[in-house]
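One chain comes next, on its own, written out as structure tokens in the form predicted alone.
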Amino acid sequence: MAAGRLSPGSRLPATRLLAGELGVSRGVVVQAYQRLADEGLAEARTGSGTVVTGRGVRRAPRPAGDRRRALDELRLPISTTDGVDIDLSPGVPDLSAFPRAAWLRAERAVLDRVTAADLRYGDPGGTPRLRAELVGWLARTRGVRCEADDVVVTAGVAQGLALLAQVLRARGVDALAVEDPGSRGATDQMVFWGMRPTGIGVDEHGMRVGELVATGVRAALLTPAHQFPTGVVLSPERRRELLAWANRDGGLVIEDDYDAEHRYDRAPVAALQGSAPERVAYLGSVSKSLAPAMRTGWLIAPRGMQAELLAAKHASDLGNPALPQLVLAQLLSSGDHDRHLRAVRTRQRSRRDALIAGLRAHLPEARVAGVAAGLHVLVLLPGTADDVVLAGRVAAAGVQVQPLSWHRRRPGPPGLVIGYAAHPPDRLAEAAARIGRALSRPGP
């Protein structure tokens, strides 16, 4: 009935007859018919026996393309333009470099010693072993100051943002300063959870903290180590100004440590959290170091927020899957994660160099912004053309990029945000040539 094979009004066989055909007692069939009646799928009618009501008929199939349109509206990486064969969407790491052998070794080591207790519902903040490993690793690589009980393991940075938004709103805070331009995905995430973003300008020194102070907001979301999408680093003076604002006005800095592990010319600047643990909520993940599909990240918030965050995390999902956490902890403790990162950094630097060399050769009038870091570059273009149109022309040449205006809250110069991590140097050189040809010819 639920499958729609019996139309409304169809009469079901008499209970005695059906019981005989099926070789079961009549009482079984009577109970089955009663269950159908209880669920609204059938009803007993005087003189007609039991008939199908039609209330359980399956819904009409979803119109073709509905799911694709929904994904396109979200501008997800998987919704690339038809005809694109070189996807240079920003934020996508080299997934072919995932350390499969190291992961398998770590997984075997974990399974050899995992206990029955490890497989029960555990701490919603994460397994003790991963939290302990993260404390040492983040202190060594990012200068983060925390203890294991300060760490909440999340399903990526996105869940950390969701948890923070829920707690802030419960405290009566719904205004949020965001970088402009800044991560569209992060801003959309906070808007979904009820936050009201206010764009704060970004220049070559990072967020303009003076603008932030003038807004009167009590929370600010930043990517200080490698700003998305401009690629700049928050300067020492701006860092001091930001932390002074947080201490003076009771503000909360939400530090998305985006791309911090991918600095190619020098060691990355330390995390802000290490300078003000009670004023900074620190977020990180393995989405750029291992793979986005791992859905593993961490949130280290001021201790005054941690009980509320743990309650929100528990209500959300009871905690992340334990086995992947234990495997990641093994990778960190064995040094395999660090070895993987060193190999990836070498490879990514050569890819960035190849893309920039190609852009300089085929699009000499453009300017590449930002420091030598991360998985993307921002290409600023001369003139006042609509960069959405320009990105469309590039897509018509078979290359997927993002227009800078997607990540702006107010008008600004045109630009393209181009990822390079997922393709080898020769493919990037070809992409640069196509971009140059697409933008050099007269457009519509």
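Predicted model only: the values in this text are computed from it and were never measured. Heads up: residue numbers just count along the shown sequence, starting at 1.
As for the form predicted together with a small molecule, it is not shown, yet the points below apply to it.
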Work out which of the listed stretches, 252-260, 309-317, 135-143, 105-113, brings a heavy atom within 4.5 angstroms of the small molecule in the predicted complex.
252-260
Give me the residue from R295, H340, R351, R279 that has a heavy atom within 4.5 Å of the small molecule in the predicted complex.
R295
Which of P99, P128, G156, G370 has a heavy atom within 4.5 Å of the small molecule in the predicted complex?
G156
Against the small molecule in the predicted complex, would K288 count as a contact residue? Criterion: heavy atoms within 4.5 Å.
yes
Taking 4.5 angstroms as the cut-off for heavy atoms, does Q325 touch the small molecule in the predicted complex?
no
Is the gap between S183 and the small molecule in the predicted complex 4.5 Å or less for some heavy atom pair?
yes
